Each structure stands twice: as structure tokens, then as C-alpha cells.
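Just one chain follows, in the form predicted on its own, and it is written as C-alpha cells.
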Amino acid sequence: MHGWTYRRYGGPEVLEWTSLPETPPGEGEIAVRVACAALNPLDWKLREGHFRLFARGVPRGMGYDYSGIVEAAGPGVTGFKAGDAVAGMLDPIRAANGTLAERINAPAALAAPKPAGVSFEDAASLPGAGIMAVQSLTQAGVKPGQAVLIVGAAGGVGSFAVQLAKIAGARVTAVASGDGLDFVRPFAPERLVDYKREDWKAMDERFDVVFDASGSATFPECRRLLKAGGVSAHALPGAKLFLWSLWLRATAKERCLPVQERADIADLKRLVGLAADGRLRSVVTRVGRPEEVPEIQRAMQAGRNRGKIVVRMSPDPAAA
């Protein structure tokens, strides 16, 4: 069995395709033959050591979203058996292993049955980006009829957020550019803004919620677009956003919401259910091969991606 690991922090060059021991699943774990694993911005941020003060250190595996087939269930696991198709995730902060591997031992508590009508590629794309979008919009309190601005709408988190905000009954303005506009258009936002032609930060419209799904906007840039008492939510927050959050609690009606994603099985099951019902459309734009992972991460870090990129780790399993 092989998988992508790294023993020191740095760029894609630190990644190693390594032979890994094949151990039986432990208490509360399932052994999974990985069909597909997704890539997320958090992957390269962990690889570069951005969270080394509170995340598990090196050596460690790469990736935390997956889909695949259960090969064995460990002690205490009652909800899964060999042959089940699943989608799930590892805890990206605490896990030593990674999902960009041919086989993994994963917590059964963070896995959900994969519906037959959802492909392994789409199932693998749901956990990380989808849960971030769900939790951001939920914590921001998005309600029917509200005006919601989503910055970075063509990325993985943003494209899920556009759809989820629409499902919640909000009126969505999506910010993207170039081919990103064409990618987002089928999700039916009320308005599309090409940030290369129009400065979204200078728009006259005001919003109940501004969600920076790209992690690239500052709170002051988002704040000026908020209605009184509005919420500015931010994916991949830095230290300044947490300071703004604390300051505003005591001084203003507007809120700054730095969103720290939590691995949550209820959110994952909701996403899987919406995908199975056809209400949440696929955002997968590329299916790569294991050997392409360093190049894909380099392109993601440069911002050259749309939607979700997944890696096919093994041939399509017979079970579905």
C-alpha cells in the first residue's frame, strides 16, 4: 500500500509517495480501500506548517476527504461492514494518516453511506469544502429572502455555498471571474460579478451576509458592504479576523465571523442527502491521478482552479 506523506514542512517538493504499513482497523475505525480523495487549500497550508502550533506535526499523511469501499470494521463498529460504499473524512488537525493513499483506517463516526446515485468522485468532494460552506452559512444565520454576497464563488467552498444559500432561500450575488463565471452560472445566483471588470468592494448594494469563501478579503473590505447588523463570514481565517471578531462584540452591531471548520457527521449526512436528491450539483472539475498530486497542489496554491479537484486512488469499485 502506498500514499502521499511528508516528513518536513515546505512546498510540493516535500511530498513523498511512500510505502505504508497495512494495519487492521482499531477501535471505532473502518478500513477503507480509497476510490477517490479530494484536495483542499487546507492541505497545502498544513504542508507548509501554517498551523504547526496546534496541528499534528510531521511526519504525516496528506488529504482528509475520501470515498471508497469498506474492507473491514474494527472493534465497536456496528454501522458498517465489508463491501459498503462510504464517503467520509479524517480530522485534518489531529490525524497522522491521510486520504491520498490506496487504503486508510478512518473513524467510522466521520463516515456516511454513499448513495448509489452519487459517484465516488462527487462523494469525495463533499466533506471538507461542503462542510465549510454549511457551517459558514449556518453560523452566519442565512435566512430566506436575505441578500448574500459570496466572494470566491467559483472555488470548491464558494460553489457549494452558492447552492446552499439558494437552497436556504437567499438571494445570492456571486463574485468570480473569467471561466469561473461560466462555472457558477448553472447554480443560478441572482447576480454574477466579474471582479476583473467590476470592483465588488465598491458596489452600492448592501448585504445581510458577506461570505469570503476564498480567504482573500479583509474584514474592512467586507464590512462596508454589510447592512446594519450584518455578518461577514470568512473561510481560512487569519489572526486579524479573530481580533476583529472580539472587538466587534463590544463595539458594533455588525459581526465578523472567522469560521473554523469542525468535522461533523450531521453536516456530512446532510450534504450526501442533498446530493442524492439532486439538489446539490457536482462541483468536480478535474479528476487527477496519484502522481499528479504535487503539480495539482502547486496549481491550487497559485489560485488556478475551479470547483473541486479529486484524485482517483483506485479503479472504480464494483460496489456502488
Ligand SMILES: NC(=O)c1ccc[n+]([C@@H]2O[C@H](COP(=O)([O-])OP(=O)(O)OC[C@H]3O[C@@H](n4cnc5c(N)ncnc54)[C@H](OP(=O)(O)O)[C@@H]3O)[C@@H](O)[C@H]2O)c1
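Start at 1 and count along the sequence shown; that's the residue number. All values reported here derive from a predicted model rather than from experimental measurement.
What follows is about the form predicted together with this ligand, which we do not show.
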| Of these, Met132, Val148, Ala233, Ala111, which has a heavy atom no more than 4.5 Å from this ligand in the predicted bound form? | Met132
| Residue (of Val259, Val293, Met62, Ile69) lying close to this ligand in the predicted bound form, criterion heavy atoms within 4.5 Å | Val259
| said: For the interface check, one of 39 to 47, 279 to 287, 263 to 271, 54 to 62 should have non-hydrogen atoms within 4.5 Å of this ligand in the predicted bound form; which one? | reply: 39 to 47
| query | Given that the partner is absent here, does Ser216 sit within 4.5 Å of this ligand in the predicted bound form, heavy atoms only? | reply | yes
| query | Within a 4.5 Å heavy atom cut-off, is Asn305 in contact with this ligand in the predicted bound form? | reply | yes
| message | I'd like to know if Ile104 sits close to this ligand in the predicted bound form, meaning any non-hydrogen atom pair within 4.5 angstroms. | response | no
| field | Gly152 within 4.5 Å of this ligand in the predicted bound form, heavy atoms | value | yes
| request: Enumerate the residues of 155 to 181 that have a non-hydrogen atom within 4.5 Å of this ligand in the predicted bound form, in sequence order, or give none. | output: Gly155, Gly156, Val157, Gly158, Ala176, Ser177
